[in-house]
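Only one chain comes next, encoded as structure tokens, the form predicted alone.
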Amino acid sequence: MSVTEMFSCIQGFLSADQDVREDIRKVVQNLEQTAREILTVLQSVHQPAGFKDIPSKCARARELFCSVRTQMGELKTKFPAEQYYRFHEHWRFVLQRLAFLAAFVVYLESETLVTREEVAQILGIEVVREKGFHLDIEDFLAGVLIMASELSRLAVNSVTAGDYSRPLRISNFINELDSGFRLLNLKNDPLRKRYDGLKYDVKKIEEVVYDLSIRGLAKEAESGGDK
């Protein structure tokens, strides 16, 4: 094979690779748009009126996740399953965002921590790497950490809406979450930085709870919850 022939072959490989990446980018753009639509729906829970309408907001978000599953199905067809990590950077951000949105919906519905299996089911993808397009454990954890930041915001807005018991429940949840993350030896730098942000979320929520306590509203919320 001559030098010219060799580089012609290389160019053919590069062109094919670029075509695959372009096809992936188009599907990812659709996923990003759907993620924005879900986020818009869920952001309304931060408004005073939104607190009374959380179930319907979650139901609407669940409907939009149907589109996510369809788009994920399309994405799976754009590259060989065994090359997942070769193209991972294209969808990593949106997958983390979708994991956050799924986790937030589950929390709003049940005030529990979503499992990786639940997120994968909501998104229509796998958990086990060998089965193909899957939810990487670090992408799942990143999504959970984004949710923690959203909950710290929800705690503040709950007080504004006159819901004094919610920040107490959020505080308990976030403290449990923080304890869980402390068990992990995080070596992934971006994930480690996100975890560092959790400490600020914990502190922010503690300040909200403290403010409620000194105003006597925490006891009022607790006694109201006991009735």
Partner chain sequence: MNKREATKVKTCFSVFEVFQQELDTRHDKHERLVKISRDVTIESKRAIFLLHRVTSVPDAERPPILNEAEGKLEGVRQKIGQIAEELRGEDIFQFHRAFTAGIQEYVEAVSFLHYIRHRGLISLEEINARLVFMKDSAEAAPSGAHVLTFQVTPADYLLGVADLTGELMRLCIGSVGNGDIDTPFQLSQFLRQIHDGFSYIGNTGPYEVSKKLHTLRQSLGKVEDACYALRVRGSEIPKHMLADVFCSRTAHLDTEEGVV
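Remember, it's a predicted structure, so these values are computed and weren't measured experimentally. Residue numbers count along the first chain shown, from 1.
The same protein also exists as the form predicted together with the partner chain; that form is not shown, yet it is the one meant from here on.
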Report task. Sort through Leu186, Leu64, Ala161, Val202 and report the residue having a heavy atom within 4.5 Å of the partner chain in the model of the complex. Result -> Leu186
Query raised in the report: Leu177, Ile170, Cys58, Ala35: which sits within 4.5 Å of the partner chain in the model of the complex by any heavy atom?
Result: Leu177
Query raised in the report: Are all three residues Phe93, Phe104 and Ser213 in contact with the partner chain in the model of the complex, where contact means a non-hydrogen atom within 4.5 Å?
Result: no
Query raised in the report: When the partner chain is placed as it is in the model of the complex, which of 79-87, 95-103, 148-156, 118-126 ends up with heavy atoms within 4.5 Å of it?
Result: 79-87
Report task. Give a yes or no for Leu75: in the model of the complex, does one of its heavy atoms lie within 4.5 Å of a heavy atom belonging to the partner chain? Result -> no
Query raised in the report: in the model of the complex, does Asp136 have a heavy atom within 4.5 Å of the partner chain?
Result: yes
Query raised in the report: Applying a 4.5 Å heavy atom distance criterion, does Leu113 contact the partner chain in the model of the complex?
Result: yes
Requested in this report: Determine whether any heavy atom of Ala142 comes within 4.5 Å of a heavy atom of the partner chain in the model of the complex, and answer yes or no.
Outcome: no
Report task. Check each residue of 10-31 against the partner chain in the model of the complex and list those with a heavy atom within 4.5 Å, in sequence order. Result -> Ile10, Gln11, Phe13, Leu14, Gln18
